[in-house]
Every structure is written in C-alpha cells, then in structure tokens.
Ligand SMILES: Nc1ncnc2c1ncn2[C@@H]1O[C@H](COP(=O)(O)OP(=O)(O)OP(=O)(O)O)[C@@H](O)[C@H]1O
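Here's a solo chain for you in structure tokens, the form predicted alone.
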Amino acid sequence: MAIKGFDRETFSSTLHSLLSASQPIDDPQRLKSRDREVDDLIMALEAPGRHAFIYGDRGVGKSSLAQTVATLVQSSDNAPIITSCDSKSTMLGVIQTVIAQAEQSIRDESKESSISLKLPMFEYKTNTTRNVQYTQVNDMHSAVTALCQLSQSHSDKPVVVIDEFDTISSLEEREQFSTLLKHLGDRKAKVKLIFTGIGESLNDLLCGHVSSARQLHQEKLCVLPWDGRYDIIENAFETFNIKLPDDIQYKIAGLSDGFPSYVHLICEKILVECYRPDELIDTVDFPLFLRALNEAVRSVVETLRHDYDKATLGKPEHFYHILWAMADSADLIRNTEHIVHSYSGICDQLEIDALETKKFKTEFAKLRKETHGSIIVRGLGGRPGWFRFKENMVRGFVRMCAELNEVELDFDRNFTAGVQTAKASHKSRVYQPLTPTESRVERLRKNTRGK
C-alpha cells in the first residue's frame, strides 16, 4: 500500500470513479465546467419537436455531455438508449438498433419488477411492465412509428443518444436523418434524439442538407477552460490526500490542451505511479510526474499517435522540433512567422543550431504531405501562410512529447489577435521551471529582457 488509507481494491474503485479516460461520463457531478452547455441543451430539449446535435473536435467530451444530458432529460422510469454509428451505418439500421435496445431494456425491467409470492398451494406472479409490440422498421414511415411507440412502452419521456454520427460515410444516409426529424416533429413524437459528431459545423455533418435545422439545437463544444481542468485535477488528488505542487498542476492543465480525456489520463497515470512504490507517497515530485507522463504518452490511442510517428520516425530530428514549435502557443491557427519564432526559441532551449528560414519553410511544407502524415494543414480557409494541426487533439499529444524531452512550451501566449482560446482564469498560478534545463532557459530569458 503506497497511498495511505487505500488498499488495491479501494484505490482502483476510487480512481475510476473520479477519472474516466477511456469511456464517457454520464454523471453531472463529474462533468466539469459544462454547466452552461448542460442548461442550454436541457432547455432546448424541453421545446416540443426539438432535438440536439453536439459537435466539435475529437476528445472535447461530446459523448460525455450527450450522455449526461440524456440522463437528466430521460424520465426516471427507464435509462436513456445509447447507440453509436460507423462507416456502414444507415438510418434504418440505427433505428433498428435503438428499438432492439428498447425491447431488451423492457425485458430486463420485466424480470426485475416481477413479484413472486410463494404460498403453500401456488405461486403468484405479476408484471408491472407494459407490453407493446414495436412496428418492424423497414422504411421511413415505420421508423417514425417505432420511435413514437417508445413513449408507450420504454418510458414516458425517452431519450436516444446517437453517437459518432460523423462516421457515417453515405451522404444520402445522413440526409435521411434530417427527414426523420421532420417526420417526428409532424407526428408530435415525445422521443428526444441527441446526436454527436466530429466537425466544425452542423452544415459539414449534414453535408449541407439542413432542412431540419429548426428541429435541431446546435451545440458546438470547445475544449475545457482552465478552471475546468484544475477542477478535475484538484478533485482527484484531494480525494487521495496527495499533494500536487502548483507547477505540476499547471503542466497537466497546459499539456492536456483542454481535452478532458488527456486531463483524466495524465492524472490517472500519476496516481498509479504514486501507488506503485512500497513506501507511502504523499507528494508528487517531478521525476514521478515524468514517469507518469511517459506512460500517458505510450497509452495514447494509435489513431492519434499515427500521424506524429509518421512525421518523425526515421526522419531528421528537426521535424520533432518543428512540430513542438507548432504547439508552442495558445493559438490553434498559426502564422509562419510565429512558428519560426517558436522554433528558434526551442532550438535555443536545446542549445542547437536552428535551420535557416528558407530551409525551415521547405521542411515545414513536408509536414503537409502524406509521407509525413499530413499532420499539418492550411488554416483560415486555406489562406497562404496560416496553418493548424490536422486534428486539434494531436496538439495535446505533441505537447506531452515535448515535455518528455524537457522542452518548455508556452501554453498561454496568443501570437494572433482575435483567435479564440481557453485562457487561464487562475491568475495566481504562475509557471515555475522544474528542470535544470528550464531553469537555465528562464535565467537567460530574464537576462535578455533586462538588456
């Protein structure tokens, strides 16, 4: 036992009740800094005939928000129905899955609610569950009818979460859902649908077919603000009575880039490292933090590692430095001049010679090619000189990789005016250098500023 008061079973159960890096959250108490979004969605879904669509980057917590709202809106006589899409999903297939889940939940409820009274001469059983035969789903009309029947059997106010809508490859099938929503409104169906999908806009996800726009509340979900990140961190470590220095808290909050799954993952790995030693641990030091961060980087899903590895493995070392430079800012979209500035600073930290500007631009352009994972794409609608990561969540992974190599990145600075970012509201939290390299760099910066 390396954390006072926690044996292995208690530690594991407590850890996973606090942190959820691998599955969505459905508990409002654990959904940090999303109160406004939850309120907006609930109020929107109270309107007759209105459904909801939550969209945004991968990893910002769309599924967690959807399942939490579904739990709050769903009437207490049953649980929400949750299903996911894939590339081959069709509208009819998704609705068939929804109805099958509804039927299964009714059968399960029937078993639980059966009352068995054993008397000397006979056994008496009764079932409180309503029994409705659902319409077989084989066309648009039957799909609408079956969904309408949910309020007659599944629950008084049924809620269905349709996750990963963006994975449906067929544009025609996506359009079918728009038509479905219109018909549900015409039939005054009580069922509520909550969709989630990766995308920059609802128009992208519905491929321009927005005839159902008035039936949909649109909620674009952004990364967690700094307060939300700190709430998750502080709650986890206070529960285990482990002291986490402010500078390491800042590291976790900044490295996560506001993606809840990264905050959960890094905190989980740190606490596991705290539990490993034979001696009791009550404070996290920097070596322990680095070991945990290394485990976090190793466990990041392959889909996020792939492009970074393709851009760097077996290639000149400067590709690492260029990618770290891309992550050295609060700006998601960066100008070439600013990237060069960040790159020069990183080379100074590492005490190596930087590429000349012309050579830098040539090498940077390679990161947009498939041979290098196409990890960088044009930003601001394709305007020359402006770039971003192909997927914003990759930036957080890149930040973690830079930290493992003792490279300090700036999480707060906005090089570009007017770019939306999540700024730190904990003004009292000042970054303190942790490593000897960082301390040396900080001294050099102060000397330079003083000249």
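Throughout, we count residues from 1 along the sequence that is shown. For clarity, every value in this text was computed on a predicted model and none was experimentally measured.
Another form, the form predicted in complex with the named molecule, is not on view; read the next lines as being about it.
Since the partner isn't included here, can you check whether the named molecule sits close to all of 20, 32 and 164 in the predicted complex (heavy atom within 4.5 Å for each)? Yes: each residue has a heavy atom within 4.5 Å of the partner.
Counting any heavy atom within 4.5 Å as contact, can you tell me which stretch out of 325-333, 260-268, 288-296, 370-378 lines the named molecule in the predicted complex? In the other structure, the partner sits against 260-268.
Counting non-hydrogen atoms within 4.5 angstroms of the named molecule in the predicted complex, say which of 232, 102, 85, 137 makes the cut. Answer to the contact question: 232.
Under a 4.5 angstroms heavy atom criterion, identify the one residue in 79, 198, 148, 346 near the named molecule in the predicted complex. Residue within 4.5 Å of the partner: 198.
Does the 4.5 Å heavy atom contact test between residue 58 and the named molecule in the predicted complex come out positive? Heavy-atom contact with the named molecule at 4.5 Å: present for residue 58.
Closest heavy atom of residue 98 to the named molecule in the predicted complex, within 4.5 Å or not? Heavy-atom contact with the named molecule at 4.5 Å: absent for residue 98.
Proximity of residue 224 to the named molecule in the predicted complex, heavy atoms at 4.5 Å: Contact check for residue 224: yes, within 4.5 Å of the named molecule in the predicted complex.
Should residue 62 be classed as touching the named molecule in the predicted complex when contacts are defined as heavy atoms within 4.5 Å? Residue 62: contacts the named molecule in the predicted complex.
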